[in-house]
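Next up: a single chain in structure tokens, the form predicted on its own.
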Amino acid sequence: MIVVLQPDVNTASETGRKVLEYLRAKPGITPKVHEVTGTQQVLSEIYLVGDTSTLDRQEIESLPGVGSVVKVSRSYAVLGRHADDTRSYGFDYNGVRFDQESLHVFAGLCAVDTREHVEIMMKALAERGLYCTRMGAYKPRTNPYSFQGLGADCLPWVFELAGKHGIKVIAMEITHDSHVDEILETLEATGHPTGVMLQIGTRNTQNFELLKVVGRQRELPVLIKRGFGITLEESLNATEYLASEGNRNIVFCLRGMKTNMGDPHRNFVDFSHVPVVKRMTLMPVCVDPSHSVGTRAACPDGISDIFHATAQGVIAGANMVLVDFHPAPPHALVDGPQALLMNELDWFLADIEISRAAYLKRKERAARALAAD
């Protein structure tokens, strides 16, 4: 059960304290407070852990300061969109808004290799009015002898270049809890020229101890990818580890599932789950066409599979696109065959605009149909 306080009430106020005291007095119930940051206000939500079957929902709703009471209907209590749950949710980070209505493109290098390539990428994004990118410093690899990323050594100049070109948010994968400290320390040392969204890769979706550590820090938001060999429900429950530790500034990423039924693509594209995740949770949803498709191959219509997969995600309502570009794919140290070319960037962005416009028209048409019922 979730007790949502009124917008002008928090648990530090006298009214909020009384609600919290009332709930704490209930036997077998442990209240946990979460703050939800909206576009114009911060809402306080109290999650009741324990046997809530004996609680009187109407009685709690009648308490001064209580706005509503939501009955939890999913195992991922914090992130789930429950029955009769009308809450909206999103978060702002470094001047960028992330919610289920927005759309941001994170184009960049799967793995940072040279300063020159990073600057070419960031400069191209800035010239097109984009302020988000992906830059991999730490890379988990299947083969232990493959390139593992430049690590902390590249962070100072990557952050410096981001600040130079006005990049506000960098999606950066981490594989160990020490990487969180390295990123935070480097941001502090460089004067916070940019922001970082910590990325949990598909291999670490069920690394629960890493999830707990990342969830305990509140400064950096998190992008977590669906596990490539587990169910959607299992991935969402894994994501709840982040939120249960206190950090609910999370974007959920669909990146394809590992199955030969997806051949000849690298993974089986799962972007039909974009609206499913938005219906089942409060999280913004990202799609990663590069790691789903894994190739720059094009159809007879001249449009590449990555473009087609991106369009599928965007036209279904995706809120973020994570995509690989590289100034010289043959020389990329990771995933060169799937990286799009720099001269395709304008085309790619224009194709997204077409798909986004189609989604908004579909949404408008749905609103008219529902209003007519």
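Remember, predicted model here, so these are calculated numbers, not experimental data. The first residue of the sequence shown is number 1, and the count goes up from there.
Just so you know, the form predicted in complex with a small molecule exists too; it's not on screen, but the next bit is about it.
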Based on heavy atom distances of at most 4.5 Å to the small molecule in the predicted bound form, which listed stretch, 122-130, 213-221, 269-277, 287-295, is the contact stretch?
287-295
Check whether N249 has any heavy atom within 4.5 Å of a heavy atom of the small molecule in the predicted bound form, and answer yes or no.
no
Give a yes/no on whether L322 approaches the small molecule to within 4.5 Å in the predicted bound form, heavy atoms considered.
yes
Please run the contact check for T202 against the small molecule in the predicted bound form: heavy atoms, 4.5 angstroms, yes or no?
yes
Would R255 count as a contact of the small molecule in the predicted bound form, using a 4.5 angstroms cut-off between non-hydrogen atoms?
yes
Picking from C110, A107, L236, L198, the single residue whose non-hydrogen atoms come within 4.5 angstroms of the small molecule in the predicted bound form is C110
In the predicted bound form, which of the listed residues (K225, H165, H117, H179) lies with a heavy atom within 4.5 Å of the small molecule?
K225
